[in-house]
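Have a look below at one chain only, the form predicted on its own, in structure tokens format.
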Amino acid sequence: MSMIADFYGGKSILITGATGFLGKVLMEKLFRTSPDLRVIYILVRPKAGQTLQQRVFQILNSKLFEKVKEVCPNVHEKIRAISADLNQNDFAISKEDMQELLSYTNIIFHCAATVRFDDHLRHAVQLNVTATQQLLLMASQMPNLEAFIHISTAFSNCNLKHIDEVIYPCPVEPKKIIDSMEWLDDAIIDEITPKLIGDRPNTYTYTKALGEMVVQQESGKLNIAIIRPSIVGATWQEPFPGWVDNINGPTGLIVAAGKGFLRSIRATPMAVADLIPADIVVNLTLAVGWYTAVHRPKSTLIYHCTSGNLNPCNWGKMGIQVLATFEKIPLERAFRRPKAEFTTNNVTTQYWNAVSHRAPAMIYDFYLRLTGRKPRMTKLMNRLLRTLSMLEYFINRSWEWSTYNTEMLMSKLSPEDQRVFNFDVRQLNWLEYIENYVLGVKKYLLKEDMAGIPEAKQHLRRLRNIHYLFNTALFLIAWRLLIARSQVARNVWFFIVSFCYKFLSYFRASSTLKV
């Protein structure tokens, strides 16, 4: 019998961010392993045209919850959706709902956050810092609360090379940042943002670090733990391999590469791609919830959920595996384009790729206008290139994360719990995982028909050849313009032509003598 699964039986659990990717996987695992839990409260923001119950049914009707319905047929009765908005004071929760949460909640999993790298600092502070502070205030009023688990990110301290399982202080106190966001106008915030985030790359990593400080400062007598996952990707094993439902992180790169939007990336091939499957994160999270509630550690423990230190896979190897998988499983839905090629990081490549990406997009949009349709390719390409520029910081660096607490926790689990709640990343086979990842993108995210693979392969080969011809023509035009304007270029061209002519003459003479 699993001690962890038994622990969550009969519990009332509050999950923030339950409508997000990780929140859904967490909820699924809880219902599948502990179907006798009392209730899961989820905070849901009101959405025009949809009731809270409709949003719950939309979640439960996805492929992800198929196995849950077998072991917990009344699962819809065990989800209690609470109307809430994390951008508002007290989350705009009604008095009745607030009283119910305060009276019955046993475990809190705080997964909600904005994960947009380029989010405005005011909004990022509100969701990643202020909302965390308000939730901790709620938690302090819950008489039956046993554990508060905060999901952070392994990149909250990405300005450091080696990162331990400790909370690192930020130069400015979170309270001062929260207070200043209430009265400063956007223009001033924009001006001071680079100075505040310092050597961190974006507002996301900065505000997640502030959120950890808030957890430390506001914890009081609560039993709290912090989990820091790295780049969260598709599921590894549970409830089935390769499940994913959004285009964040590596998923967006896979979609863009598979459809031909992305033909190259500026990456350091030997940099570690610290990818971690969503089900590994969830298994660790549930194990941490059990350990924190039952063993009640004296201090707030931080758990790193990363792969690079135990089972590393670099970006070069991952790129090769993705491309090898495309040979077997091409993505053919929507815009069809040639496959991607992964290149090293240099300025010339960056400039050429920008031209190579945008020029075909502009030509395609011109064709759409001629046929009376709305142009969209250039907009999509600009969005992709902007996303890539924000990811460059992470795909050109490597970090070292200590995992002492994570390994300690693994040693505390029974053999049955190590099986049911497996978070040992050393068992992960990257080649198999990447193949399932691409397959999952095709099946679950893009909802493509697997029967069309042979036709898609042939179509992609044709389009790849067209792409090569376009690049060749583009190069020849650029070279011709250069020759017309530069004497040095003309001299080089005449030298090459003369050399080729002499080589061919020599080759013919040699062939004649042999005869």
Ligand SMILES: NC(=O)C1=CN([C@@H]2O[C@H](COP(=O)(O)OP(=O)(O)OC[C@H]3O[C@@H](n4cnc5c(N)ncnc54)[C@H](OP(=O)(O)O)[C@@H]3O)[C@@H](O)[C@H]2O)C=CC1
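So that the term is clear: the rigid core is the largest set of C-alpha atoms that superpose within 1.5 Å between two forms. One rule holds for the numbers: they count along the sequence shown, beginning at 1. What you see is a predicted model; the values in this text were computed from it and never measured.
Separately, the form predicted in complex with the named molecule exists; it is not shown, and the next lines address it.
> Which of 227 to 235, 424 to 432, 408 to 416, 138 to 146 has heavy atoms within 4.5 Å of the named molecule in the predicted complex?
Stretch 227 to 235 is the one.
> Using a 4.5 Å heavy atom cut-off, which residue among 313, 127, 197, 75 comes into contact with the named molecule in the predicted complex?
The residue from 313, 127, 197, 75 that makes the contact is 127.
> Though the named molecule is not shown, can you say which of 86, 79, 213, 163 has a heavy atom within 4.5 Å of it in the predicted complex?
Checking each option against the named molecule in the predicted complex, the one that comes within 4.5 Å is 86.
> If we define contact as a non-hydrogen atom of the residue within 4.5 angstroms of the partner, is residue 439 a contact of the named molecule in the predicted complex?
Residue-level check for residue 439: no, no contact with the named molecule.
> If we define contact as a non-hydrogen atom of the residue within 4.5 angstroms of the partner, is residue 115 a contact of the named molecule in the predicted complex?
Yes, residue 115 lies within 4.5 Å of the named molecule in the predicted complex.
> Counting only non-hydrogen atoms and a 4.5 angstroms cut-off, does residue 12 reach the named molecule in the predicted complex?
Residue 12 lies outside the contact set for the named molecule.
> Whether residue 209 contacts the named molecule in the predicted complex should be assessed with a 4.5 Å heavy atom distance threshold; does it?
Flag for residue 209 set to no.
> For the stretch 2 to 37, I need every residue with any heavy atom inside 4.5 Å of the named molecule in the predicted complex, listed N to C.
Result: 17, 18, 19, 20, 21, 22, 23.
> Superposing on the rigid core, I want to see if residue 50 changes position between this form and the one not shown - specifically a Cα shift of 2 Å or more.
Comparing the forms between this form and the one not shown, which are aligned on their rigid core, residue 50 does shift its C-alpha by 2 Å or more.
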